[in-house]
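Next up is one chain by itself, shown in structure tokens, the form predicted alone.
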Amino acid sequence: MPPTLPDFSNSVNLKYVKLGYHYLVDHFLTLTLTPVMIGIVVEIVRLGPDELLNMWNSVHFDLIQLLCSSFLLVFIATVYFMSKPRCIYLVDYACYKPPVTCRVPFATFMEHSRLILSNNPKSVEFQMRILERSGLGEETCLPPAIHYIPPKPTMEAARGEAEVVIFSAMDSLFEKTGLKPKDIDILIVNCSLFSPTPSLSAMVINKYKLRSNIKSFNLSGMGCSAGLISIDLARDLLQVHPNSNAVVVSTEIITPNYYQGKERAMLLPNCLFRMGGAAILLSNRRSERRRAKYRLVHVVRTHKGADDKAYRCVFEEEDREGKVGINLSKDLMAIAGEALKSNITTIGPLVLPGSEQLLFLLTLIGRKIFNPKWKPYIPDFKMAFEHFCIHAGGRAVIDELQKNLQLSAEHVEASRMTLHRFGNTSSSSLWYEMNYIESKGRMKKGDRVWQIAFGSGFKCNSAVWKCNRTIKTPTGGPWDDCIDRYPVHIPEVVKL
């Protein structure tokens, strides 16, 4: 007897019921008002022009009432347009692509670890296990000073790395946008762990001879989510400074922060963090609306620093031998989950369709009143966004968000491939992910993008962008010579 096919009717019916529900709730006003409008039109047609003219003539208007009404309408319209926030456009951005000479294959990384930690084979073995499961590929890059044995993390080398990364990204941005240095009104540079004097923002001003009245800011110590904090700061400044351009530079300088001790929790960043940087041009000028790639819709910031565990889960400190490094707590993923929960609770009502909000509310009421053991409803964020850029902090971070937000493999593809090709580039990773989506030709007009980043403190920050125009496949970007090879299969464990 031939095998019988499974009965798909129930699942198909359920699918159409769900689609019908979403359509009904999301278009409730339209479905309600349409019959009313049809009724009004039918009544007007029934009355005829003579009856309508008689009704109009029977209405008596007082001149003072007309003037007062007109003044009130003009006043309300003026207040509305004056208080309406300015549109912030992302004109374009550029990512730094490290040279091949900085490449660190697994074999090179492990050979250096064995030589540097020759007296501590257990630490070498630990780094090898982390690298095998990290999700990184063979083409990630570290700065030249780290290639020495032992590494030479001097101030000169750190400044050299900062100049190469930041100036390369800025030069690329100037070339892509046609922006001239004198046209920059606001400059924001964020780099968490390297904060020299003069600041990195002053270094940029000196290099490009920017105007003396430029509004410059240098953010440090704010972790991998500092890029979105910079975007938020630029947005606030552009709200109060009309007709202005803001450049945001996001990077992390690796040279002075390569840990050379034995503590396992502090060796972890060595395996994940790599070179990278991005420069972003934002503007509130109406003239930029047509050529801008995206429009900024929302920025939502969540800070869990009031909790001691959250505050210390990513902590720069000295080990027992006095060597400075970043200590990553075992509670990091749990704390990140709580921060994400708080963040999506805030951003959900701003972006989710009414149907999803209603389901969430009904489930919440049901758990409170009827049964606390009911499974909480996880809103379907795929109905709010077409693309997701999750900070490529590590494989575990991407896995956890994919599971919690019920995302498909394609939704997290940009994050996984960015981690594989470039490693954790800290605050700039979101822009490598955005460029990956563009390079694949997937970014269409009207698409919504959700950027999610985590940072020390502990912070979870989100930015929502709407695509302004269908974006052609970019040339000369960080993915230019390798996008055809991606996506690649990334095994659970790469045996070294």
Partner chain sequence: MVPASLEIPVSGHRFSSVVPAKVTGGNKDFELTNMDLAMKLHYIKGVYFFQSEAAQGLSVHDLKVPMFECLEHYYTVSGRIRRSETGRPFIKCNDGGVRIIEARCNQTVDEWLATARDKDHSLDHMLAYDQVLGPDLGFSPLAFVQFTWFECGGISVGLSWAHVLGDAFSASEFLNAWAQIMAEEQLSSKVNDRVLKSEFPAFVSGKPFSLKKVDPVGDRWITANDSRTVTHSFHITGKQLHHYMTDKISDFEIISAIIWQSMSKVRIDLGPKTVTICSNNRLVRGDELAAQPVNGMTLSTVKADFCVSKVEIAELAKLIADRKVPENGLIEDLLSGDEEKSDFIVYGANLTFVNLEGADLYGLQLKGLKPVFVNYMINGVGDEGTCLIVPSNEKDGGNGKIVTMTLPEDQIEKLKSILENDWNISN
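Numbering follows the first chain given and starts at 1. Predicted model, so just to flag it, every value in this text is computed and none were measured.
Absent from the display: the form predicted in complex with the partner chain. The rest refers to it.
Enquirer: Although the partner isn't part of this model, could you tell me whether Pro105 comes within 4.5 Å of the partner chain in the model of the complex, counting any heavy atom of the residue?
Expert: Because a heavy atom of Pro105 falls inside 4.5 Å of the partner chain in the model of the complex, the answer is yes.
Enquirer: Is Tyr208 a contact residue for the partner chain in the model of the complex, using a 4.5 Å heavy atom cut-off?
Expert: No.
Enquirer: Does at least one non-hydrogen atom of His298 fall within 4.5 angstroms of the partner chain in the model of the complex?
Expert: Outside the cut-off, so no.
Enquirer: If we define contact as a non-hydrogen atom of the residue within 4.5 angstroms of the partner, is Ile365 a contact of the partner chain in the model of the complex?
Expert: The answer is no: Ile365 has no heavy atom within 4.5 Å of the partner chain.
Enquirer: Of the residues Arg395, Lys262, Lys304, His112, which one places a heavy atom within 4.5 Å of the partner chain in the model of the complex?
Expert: Partner contact (heavy atom, 4.5 Å) among the options: His112.
Enquirer: What is the one choice in Ser408, Ser212, Asn119, Thr101 with a heavy atom within 4.5 Å of the partner chain in the model of the complex?
Expert: Contact check passes for Thr101.
Enquirer: Heavy atoms within 4.5 Å of the partner chain in the model of the complex: which stretch in 214-222, 238-246, 311-319, 149-157 meets that?
Expert: Residues of 149-157 come within 4.5 Å of the partner.
Enquirer: Can you list, in sequence order, the residues from 482-496 that come within 4.5 Å of the partner chain in the model of the complex, counting heavy atoms only?
Expert: The stretch touches the partner through Lys495, Leu496.
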